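Look below for two forms of one protein chain, each set out as structure tokens: first structure 1, then structure 2.
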Structure 1
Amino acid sequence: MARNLGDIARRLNGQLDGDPTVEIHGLAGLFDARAGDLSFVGELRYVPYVARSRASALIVGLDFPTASIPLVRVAKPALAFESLVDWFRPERTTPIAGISPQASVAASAVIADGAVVHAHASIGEHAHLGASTIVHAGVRIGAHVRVGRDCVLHANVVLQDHVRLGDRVVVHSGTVVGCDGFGYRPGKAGLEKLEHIGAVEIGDDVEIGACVTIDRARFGRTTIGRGTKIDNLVQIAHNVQIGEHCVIAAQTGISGSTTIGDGCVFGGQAATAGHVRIGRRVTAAARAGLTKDVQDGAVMFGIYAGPVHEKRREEAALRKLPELLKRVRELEKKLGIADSGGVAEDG
């Protein structure tokens, strides 16, 4: 897979400062590069880190200073770097074709031509798999599940009964779609389970990370709109409705029956309360907790979130609070007011 630096410079139509015979074995970022790796510097503020990088060569901009390692100078270093992905992509094994004899496929399941089912996967009764869909080892597909075409279900994904996926959906390992929602009512002998007879529907071009949990609806359906991307370890509760083209970062939790409009972005470890209505193109910062309805286009910040400008002002004010306590005590002294109510200021 090695390429020499001369070939790389020619391919990028770049200007080489250094030895063209240097061999490059892989691509890496400036900080994680090792000997044999080619990296890049897209912005001049990273120049001070170059001396510490272990990369064997760099793709840099035309105005980059000289360095102790070989440089390939181009107009747009980041784009040039990315264009090399095809050359350096690690070897992929020829994919297995067809249905593994070690898979378990129900007699009534329908598997389109070109779909692949790996060993130790299970396909339930009346399930449908679309053309060219790949089901990796250990995937569990329940009864009456429908998976579109060109989907990839990575190893050990679980789709419970009646879940529906559109086309080109990717689900990463360990993710569970269609588990029961979390709902009980008080009964004589303790909590009684509310039966969840709804489904989960996932639109085209959705990607779902690893170890994500998506609950089925009590009635009706939990839905994830077309083009939405969900990161690892996210919780989506029963009856949630997520719009199209949303981005939800890792470890976020969306509580039951909440609706989220198109084009929303959630940072990591964010959350919503249940039954709230989030508009379109809302941004929730990392760890934002949306406890009430949110209007279209709002940018929300804070554990009990509000508009970002308000919450940041509160956060800045909080940093001054210990000093403020002292200042108020000074004012009270000046006005002859004794320490009020036995509240000590310096605990």
Structure 2
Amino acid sequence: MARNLGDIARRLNGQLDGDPTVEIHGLAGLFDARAGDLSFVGELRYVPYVARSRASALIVGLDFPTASIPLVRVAKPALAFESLVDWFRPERTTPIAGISPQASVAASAVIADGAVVHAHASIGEHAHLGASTIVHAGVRIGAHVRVGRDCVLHANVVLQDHVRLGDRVVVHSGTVVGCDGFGYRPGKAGLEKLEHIGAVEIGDDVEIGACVTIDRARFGRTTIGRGTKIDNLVQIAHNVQIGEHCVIAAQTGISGSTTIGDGCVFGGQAATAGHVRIGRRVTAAARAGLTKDVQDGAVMFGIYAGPVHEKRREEAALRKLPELLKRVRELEKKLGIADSGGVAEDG
């Protein structure tokens, strides 16, 4: 849908430098934009790249220099650009409420008004779907599952028995919630499986990416707190407790019985050991390995691998490094060695 720059500037309460009649047909990144697209520049360090963009106009900051294309000046360009996404979004086809005749729905299942169940979905005994929830093709919902209002389960999601989802939960394709946890013990005939008879509870406004696995608890519940966002390919083990409004990036692994406080951020491929307690507002950098409890607000970085005794000695030596450096500087000062290069001073 075409919009002109004058309308865009007014919608953003921005200052327009250029022709208000220029038509904008879409939004794009600075380097992906073509004629008819609107892009943005969030920081002045990107000014030199503007000449390479084919965008018809830019949203920029108030201190952005003049340019050869029209500019809409606002205080926060990235947020302003994001606010236009829904305005330019193509109209979506609204699914017709109801149950496809090609879906399999148990007689004891309860499907609320306005819910949609697409072809080849399967709804188990005593399952409950909330109003306006959409279940796409190939989804499997087990027995005694409860799914709240306005949820979206994309194709081929599996919710095993006794899983509970809050309202407005989005689960992307290929994710499995409620599979058995990974637990075995040595027995006479080899490894014996530990039974997992607990459940999984997911709070309101959670979004779960594609091909995520969330294991049911051995006893009790595995829980994901309200507003938490989980990227693709994340493993969350049995009895894990994740707080509210956390962000967990792709390929992160959370081991069994780990507790994560509210507002934590995990970078890609971060991992925890089992039974670790992570405080609130903790940041784990990409590939960070958390093997011990972490206090509130900590920023964690780094992982080690190697023969355990060697690595522990290395870690112990590194902890002594600041004191060793202090002693070296004191010795250099006494010996008249220059700080900058470690070379003795002339004379």
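What you are looking at is a predicted structure, and each value in this text was computed from that prediction instead of being measured. Counting starts at 1 and follows the sequence of structure 1. In this text, rigid core is short for the largest set of C-alphas that superpose within 1.5 Å between two forms.
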Choose the one of the two that is the form predicted on its own. 2
Aligned on the rigid core, do the two forms place the Cα of A285 2 Å or more apart, comparing between structures 1 and 2? no
Following rigid core alignment, is the displacement of the D296 C-alpha between structures 1 and 2 equal to or greater than 2 angstroms? no
Report, to one decimal in Å, how far the Cα of S56 moves between structures 1 and 2 once the rigid core is superposed. 6.3
Taking the rigid core as the frame, how far in Å does the Cα of Y46 move between structures 1 and 2? 2.7
